[in-house]
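Just one chain follows, in the form predicted on its own, and it is written as structure tokens.
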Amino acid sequence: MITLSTDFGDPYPAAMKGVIARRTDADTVDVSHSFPRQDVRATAFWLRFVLPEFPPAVHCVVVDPGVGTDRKALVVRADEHALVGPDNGVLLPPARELADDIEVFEVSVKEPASHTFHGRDVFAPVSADVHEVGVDQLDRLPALSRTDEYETVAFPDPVVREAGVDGEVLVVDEFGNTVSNVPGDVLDDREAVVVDGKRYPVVPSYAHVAVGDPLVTVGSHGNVEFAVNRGRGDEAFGFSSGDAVELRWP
């Protein structure tokens, strides 16, 4: 299996699939092609959440604001998985979620057909080649060489205080649910929290409040989330990705 994750929308992923199909008969699975445009950290967060649900696979990840520059191309081996993509930090958080020990390889890239579409010209063919040779045989690919120098994305740690927690918004999903870096266990045994001077209920799921009402819950990713039952949490709370979040205990 080769999975594809990009911020391309349509039709660019189809070209990547065509390249892969010419080189291997691997099944291709779309994770998403609507990751936030050029948002490396948000993509790394979602892939850290999604990719562990897959069986062993090659994961081609192309959210690449540095396309056409001298940034490197990488293959990261994480147990029985391999991640292929740009050296901008997007690969490392999901790789470390898949395996405690990882190995990183730099890809020797020949002059691509386009300086703006490395998804088609670099990462799709490398993903197919990795699939064909096998994740456990990466040393057999002459284009790969081991490296200890690579970029990674860091997620900020929340600050836990006696009166509450200071955190940050990591991502906003398609529903407007606003996901913070605050671990869900800070809400254990709490019925409410105060955000920007307003008190909000802490509930196990969206439908535990009336339609249109805001709430605070713990999402399936395990982090504190700000939401609205059948509405948009980002609008109700006024949050965007990267904003500071202050939770206070009532």
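Fair warning: this is a prediction, and the values are worked out from it, not measured in the lab. In case it trips you up, residue 1 is the first one in the sequence shown, and so on.
The next section is about a form of this same protein that is not shown, the form predicted in complex with another copy of the chain.
G66 belongs to the set of residues with a heavy atom inside 4.5 Å of another copy of the chain in the predicted complex.
The closest non-hydrogen atom of V193 lies beyond 4.5 Å of another copy of the chain in the predicted complex. Within 4.5 Å of any heavy atom of another copy of the chain in the predicted complex lies no heavy atom of K110.
Within this chain, D139 is remote from the site of another copy of the chain in the predicted complex, having no heavy atom within 4.5 Å. Picking from 155-163, 126-134, 72-80, 111-119 the stretch near another copy of the chain in the predicted complex, with a 4.5 Å limit on heavy atoms, gives 111-119. Counting a residue when any of its non-hydrogen atoms is within 4.5 Å of another copy of the chain in the predicted complex, the hits in 1-31 run M1, D7, F8, G9, D10, P11, Y12, A14, A15, K17, G18, V19, A21, R22, V29, D30, V31.
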